[in-house]
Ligand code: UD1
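One chain comes next, on its own, written out as structure tokens in the form predicted on its own.
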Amino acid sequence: MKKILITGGAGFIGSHLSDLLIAKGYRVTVFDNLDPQVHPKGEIPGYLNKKVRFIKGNVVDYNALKDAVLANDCIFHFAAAVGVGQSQYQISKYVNTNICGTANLLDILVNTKHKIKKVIVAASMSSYGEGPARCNRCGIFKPELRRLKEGKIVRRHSYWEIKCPVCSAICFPVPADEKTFLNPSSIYAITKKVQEETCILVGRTYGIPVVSLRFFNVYGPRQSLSNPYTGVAAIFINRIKNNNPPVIFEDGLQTRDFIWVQDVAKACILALESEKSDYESFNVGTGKPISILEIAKILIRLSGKDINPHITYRFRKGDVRHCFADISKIKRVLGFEPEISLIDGLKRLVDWSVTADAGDRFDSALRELQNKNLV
């Protein structure tokens, strides 16, 4: 499997993966449409490895994708429209790119004399919806999605937390393993769930080894700081660089699992090179939850700015309260172990951000959500 295709490979994670693959002797082709939301100048980013063969194309273009697919041995399918809030009103775009684009890829594999030996799809923790919770009285359960009123300002902590459906007690989050029921809370999450499940099904049906990697909150250099629909750490840094407070929904105590981008790229290599990964799904995270408010405070401190986070105490539709990974499976099967601590990673991220472009478009993105009654 020497010739590797990465769809969406000019982006954040794909570019780091390209570096590792090339260092290991693989020949890498990147197929990317250079979406202006991610690449504002519409140009091949300067960070992309010079040994990469680049093809500008869109996964919804069947013939262009077909030519790229048939020339390679293995595919990392990373191409996707990303963003929870935006997906709730740009439904056609997200479904077309994430589901129909994936359908094109699979259709090509099924209906041509391909030589593809493996497909690795970038799945998402968002497919879980709310992570599992534990009631001290009633035990562990999978919460339903919260039905909170948008626009209502509530500072009471208990309002935001998951309640036991039996006794109504406040519950505590527990890590999600790969057997946790998938219950998406946004159009984006639904498309990622369909993407993952379709790939696994077609792979099993036709004997094409497929691996699903459920990425949690990936952060690190090369993430587009000017994209207001990207990861929360990048959005916060954008605000801080522009001397504006990070904006936090709810009370800020919702938790996520943040993993360094190069650790994610290493997990991708392990999945590529091990037959034990075939037809399996793996969480790719650290297993260590941290609150969104704490992330904002750390980034402000590392940036040396005199800014306080702005906590809105308002609900954004599609957001979940707690979700973090149980990574025991990927440790056991593939030997994966995250190497970069959160503090070290955030320090590196802040150092990189000093010279990165960071046009602040958060306010306009927030107005879009408000106009659509999503906040």
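Note that residue numbering begins at 1 and tracks the sequence as displayed. Just so we're clear, the structure is a prediction, and the values are computed from it rather than from any experiment.
The same protein has a further form, the form predicted together with this ligand, not shown here; the description that follows concerns it.
Looking at 76-84, 166-174, 131-139, 263-271, the stretch with residues near this ligand in the model of the complex, meaning non-hydrogen atoms within 4.5 angstroms, turns out to be 76-84.
This chain is drawn without this ligand; in the model of the complex, the residue among Cys199, Ile162, Leu299, Ile235 with a heavy atom within 4.5 Å of it is Ile235. This chain is drawn without this ligand; in the model of the complex, the residue among Lys347, Lys329, Lys66, Arg316 with a heavy atom within 4.5 Å of it is Arg316.
In the model of the complex, at least one heavy atom of Phe362 sits within 4.5 Å of this ligand.
Contact between Asn217 and this ligand in the model of the complex is found at the 4.5 Å heavy atom cutoff. Among heavy atoms of Tyr229, some come within 4.5 Å of this ligand in the model of the complex. Although the partner is absent here, Phe249 is a contact residue: one of its heavy atoms lies within 4.5 angstroms of this ligand in the model of the complex. Heavy atoms closer than or equal to 4.5 Å to this ligand in the model of the complex belong, across 183-214, to one residue only: Tyr188.
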